[in-house]
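First comes one chain, alone, set out as structure tokens in the form predicted on its own.
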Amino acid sequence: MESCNCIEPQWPADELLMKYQYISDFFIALAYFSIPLELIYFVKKSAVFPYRWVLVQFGAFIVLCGATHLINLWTFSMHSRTVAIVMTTSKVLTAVVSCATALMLVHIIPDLLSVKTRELFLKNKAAELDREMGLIRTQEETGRHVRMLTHEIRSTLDRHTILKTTLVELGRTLALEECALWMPTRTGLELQLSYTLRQQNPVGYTVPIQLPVISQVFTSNHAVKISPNCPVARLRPLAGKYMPGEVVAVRVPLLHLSNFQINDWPELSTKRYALMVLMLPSDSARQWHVHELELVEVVADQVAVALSHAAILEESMRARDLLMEQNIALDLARREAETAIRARNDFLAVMNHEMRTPMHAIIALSSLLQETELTPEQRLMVETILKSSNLLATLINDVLDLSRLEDGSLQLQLGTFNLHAVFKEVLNLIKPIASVKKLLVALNLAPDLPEYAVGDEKRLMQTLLNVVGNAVKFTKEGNISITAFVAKSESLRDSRAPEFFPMPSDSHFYLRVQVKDSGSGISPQDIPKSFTKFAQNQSIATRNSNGSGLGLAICKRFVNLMEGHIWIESEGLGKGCTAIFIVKLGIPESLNESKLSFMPKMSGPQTNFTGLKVVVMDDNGVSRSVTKGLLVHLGCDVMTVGSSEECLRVVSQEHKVVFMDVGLPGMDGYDLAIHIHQKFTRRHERPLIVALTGNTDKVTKENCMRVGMDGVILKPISLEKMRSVLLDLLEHRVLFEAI
């Protein structure tokens, strides 16, 4: 048998087929190279594919396959050994990678088929997203409920409305079976059931605050789950068999108002809490969720804030009501005081007027009687009557002055006066009284003491007379010295009067007066009582003296008005006493004019007014007769009338002076003065119009000046005073006595 030659003879290369293979290998290589690029893009952009390393192997396999096809392009023609080696290496690597990829696919394909990786991954992502959305919805719902509840409880500042609204809104929001609020009692030892949602338990039930469950809640900042069987959780009556729902309790801080003060904030006490208890529906599997507990805690804080605002409002309203009551009481007391002051002033004014009228008769008639021939015994009796009358008149003036000083209606009448003359006049008035007791009175005026000053001459003289009069009154034997000088700046301040602040200036000076006596003295503990009205201390009372107890009290007030200070010094009983006062006086601008205006008048007892025609008009017959007696004794030609109409009818150009009372029925003294002015249009034809009155109020003086009167004279009037009045009137044609 012949052997067979099985080797197929080679076909010559077909140019067209070679060209098609060449082009196909090129596009196969291009495709293989582009696929890894797409896989790389996919891996980079995808976050869900779990087997990225498999894709890397696929990419390497495809690249190598593409490389073999690319190298084939050089094998269609004669090629070198290098090309053959490269081709062989590529195919070996391709084989290795291909086998590894095939084996790996055998391993992972069962996992991909059984687990469904992509679906599971997406489900996990979806579940996580659902949880996040649920949390967001829960937070939004919680926030909405909190805002609604906060708006409800803050829409009012009534404590009961706040608490009741809180329970209702919490019950509706959380679908609660019961909600209650336990408030501390006044003693702080118990909690009292104050508010409930369903009102199934009687309000007012109490439990001890020392219960462990209550202490547990009070010491925690969060809502605490408590046993449904504890005393504060028994919010439903036990009826039938049921499973109670879960119960939580949370503390509500209360405002402690004991620290509520003006200009300060109240403090939250760490020991005072209310207890809020919330119960879920019974016979249900529902449990408290975290967001519900957070809602309860937030609401408890909001209730605490609202209650603090309500407590502050209640306290402020109580303070306002108390303040209003106090203001009403103060206003009532002020009006009662004003009414009492008016009544006192009216009483004093009436009594002053009514007392001055009979005093006018007593003093005038006594002074007239003193001018007659009397036996020594009779003259002593008349002088005693005059002294007693003058003392009574002084008391009347003191009471009136004190009343004015206390209600602030008394004001100083400032003017330029002769200061030296004031001291000399006081000395002349005091000497006759001192001589009866055989006392030596000495006056020492410092060389640098100004002769003229600006101030209230009457009040200064009144102060001097009171102080010197006291020295004479309380001294049985010895001497009295009056010293006056300008106080130096270094001696003005006195530790006993810290409120006294002297201010040196070129326009004024401070006058210091010292009145020293050798009397029985005053014990140091009794010195402060000396300036108390209607008070005589024991050491003074033992000196067998009489007095009203008003002198020094009035002096102190006069000195205060003159921006000064008064005090008494004494080493004790039996060692004498020194009264010292300092007052502020002005310095006149022109001393020459002051000296001219204070030239001494030449007058004396021998002066008479013979032929001077005078009209006396007074509705009081006694006062009218007394005044007429004084004027007749001075030589005047007097006509008396009892009414304003009669006075207007009889007054003529021959009359030089008209003395009239102002408080008259019908046409009063003011209207009469106006009619006299109308009757006598020329000033030189009109008589001088002088009010002779017992009214000491400033209104009387102002009204007299308003209607054109020429003077005001206060009752009572002695013979010497009437003589002085007529002299001043005829010389100056005006005389307004200080009131």
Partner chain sequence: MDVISQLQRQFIDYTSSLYREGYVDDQFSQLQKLQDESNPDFVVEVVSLFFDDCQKLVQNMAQALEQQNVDFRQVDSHVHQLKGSSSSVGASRVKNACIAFRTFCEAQNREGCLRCLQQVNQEYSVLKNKLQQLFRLEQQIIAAGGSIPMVE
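Numbering follows the first chain given and starts at 1. As the structure is a prediction and not an experimental result, all values here were calculated from the model.
Only in words, not in the display: the form predicted in complex with the partner chain, which the text now covers.
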If the cut-off is 4.5 angstroms on heavy atoms, which of these, 465, 168, 443, 612, is the one near the partner chain in the predicted complex?
443
In the predicted complex, which of the listed residues (431, 272, 476, 318) lies with a heavy atom within 4.5 Å of the partner chain?
431
For this chain shown on its own, do 427, 623 and 718 all sit within 4.5 Å of the partner chain in the predicted complex, going by heavy atoms?
yes
Partner-proximal stretch of 310-318, 119-127, 206-214, 623-631 relative to the partner chain in the predicted complex, 4.5 angstroms, heavy atom:
623-631
Residue 294 within 4.5 Å of the partner chain in the predicted complex, heavy atoms
no
Is residue 227 near the partner chain? Define near as a heavy atom within 4.5 Å, in the predicted complex.
no
So in the predicted complex, does residue 619 come within 4.5 Å of the partner chain, heavy atom to heavy atom?
yes
Could you confirm whether residue 481 comes within 4.5 Å of the partner chain in the predicted complex, counting heavy atoms only?
yes
